[in-house]
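A lone chain, given as structure tokens: the form predicted alone.
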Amino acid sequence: MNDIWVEKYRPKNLDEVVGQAEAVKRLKAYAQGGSLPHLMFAGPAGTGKTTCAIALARQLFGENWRNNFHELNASDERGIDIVRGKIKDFARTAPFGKVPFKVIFLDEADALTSDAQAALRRTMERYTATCRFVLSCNYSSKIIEPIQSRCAVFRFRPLEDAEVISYLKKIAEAEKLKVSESAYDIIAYHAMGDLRRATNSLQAAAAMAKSIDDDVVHKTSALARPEEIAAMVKEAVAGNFSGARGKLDKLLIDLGLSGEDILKQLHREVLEGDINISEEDRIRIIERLGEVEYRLIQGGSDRIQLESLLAWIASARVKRTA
């Protein structure tokens, strides 16, 4: 239990990577050929970008992979000095072993400033003979076009629930945990395709009990049950603002959820839940959710903004049925 399961069970080679079949197939071809262009991995968090980069390096370099693979996080050092200093120094040194190049893995590359990206473009051109770059980002649109055009782009998608559950079952078997099927479903539901989040949720639940059911998962996930969110929306839709506000109080005070957490779950329940509303009403609520999210990001009060959302839903419903 002392190990972080995300690292303990991180795939060691490309064959063990969960999901991303198309990306893995292409990366295997590069590894078998012993050569690769500059790469860009783009996609949401927890979908395997870092894992694929490390697994690729292991298969390319074998035992020397640590000497030939340098990982940097651009969100820590995002200015032009990091490109002119650490990246340039590593890029121009000779590689170890038979492979004629090293690999620099630049995580969260979309956090680099525009000046740093311009300097990186020149570095990528100059040291191609001794170094390849693997850039990882959540949003490829934040990477300047000259860099994108120099990379083979890989799109990573959120994992399917079945893929997440299959991976969690392997961990549970290795850790000798007893996990109910409903608990797996809830972890996958909350993870939304993020395998790292799912693994951390399972480890948090395992710290509380060796026999894990849905109650244990909810207590350790710091998220509301879908039915609690749905019940709050249904009260507002019915025009019962006081009832909806009471359920919101429970989420904010008893569970200690943030406004953004509640808003994300609200969005999902309105789109996918069993709330009986017309398509027109669904569209109007989603539009309003976007406005409230913007206000929260700008520093608005969680309680005031969420209560205003519930009041809007309740009053809009009363007006339409009057």
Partner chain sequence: MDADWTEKYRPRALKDIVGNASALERLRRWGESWSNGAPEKRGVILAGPPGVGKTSAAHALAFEFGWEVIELNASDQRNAGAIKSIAHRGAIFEGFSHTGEFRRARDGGRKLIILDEADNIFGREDAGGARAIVQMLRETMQPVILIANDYQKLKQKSGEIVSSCITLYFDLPSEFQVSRLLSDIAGKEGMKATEGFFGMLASQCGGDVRSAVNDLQSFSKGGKNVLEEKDIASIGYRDVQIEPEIFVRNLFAARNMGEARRAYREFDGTPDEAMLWLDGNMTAGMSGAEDLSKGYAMLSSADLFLGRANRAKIYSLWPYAIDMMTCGIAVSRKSRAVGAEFKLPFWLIMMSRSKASRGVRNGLCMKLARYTHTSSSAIASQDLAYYSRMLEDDQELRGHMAAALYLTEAEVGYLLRERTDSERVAQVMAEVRALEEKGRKGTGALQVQGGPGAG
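Numbering follows the first chain given and starts at 1. Note that the structure is a prediction, hence the values are computed from the model and not measured.
If you look for the form predicted in complex with its partner chain, you will not find it shown, but the lines that follow are about it.
- For the chain shown alone, Ala129 is not a contact residue for its partner chain in the predicted bound form, no non-hydrogen atom being within 4.5 angstroms.
- At least one heavy atom of Asp261 is located within 4.5 Å of its partner chain in the predicted bound form.
- Using a 4.5 Å cutoff between non-hydrogen atoms, Ala311 counts as a contact of its partner chain in the predicted bound form.
- In the predicted bound form, no heavy atom of Glu235 sits within 4.5 Å of its partner chain.
- Judged by heavy atoms within 4.5 Å of its partner chain in the predicted bound form, the contact stretch among the candidates 118-126, 139-147, 94-102, 247-255 is 247-255.
- Contact with its partner chain in the predicted bound form, judged by any heavy atom within 4.5 Å, is made by just one of Ile165, Ile186, Ala224, Ile212: Ala224.
- Contact here is defined as any heavy atom lying within 4.5 Å of its partner chain in the predicted bound form, and by that definition not a single one of Gln20, Lys170 and Val270 is a contact residue.
- In the predicted bound form, Arg295, Leu296, Ile297, Gln298, Gly299, Gly300, Ser301, Arg303, Ile304, Gln305 are the residues of 281-306 with at least one heavy atom within 4.5 Å of its partner chain, listed from first to last.
- Distance between the C-alpha atoms of Ile187 and Ile297: longer by at least 3 Å in the predicted bound form than in the displayed form.
- The pair Leu255 and Ala183 is at least 3 angstroms farther apart at the CA level in the predicted bound form than in the present model.
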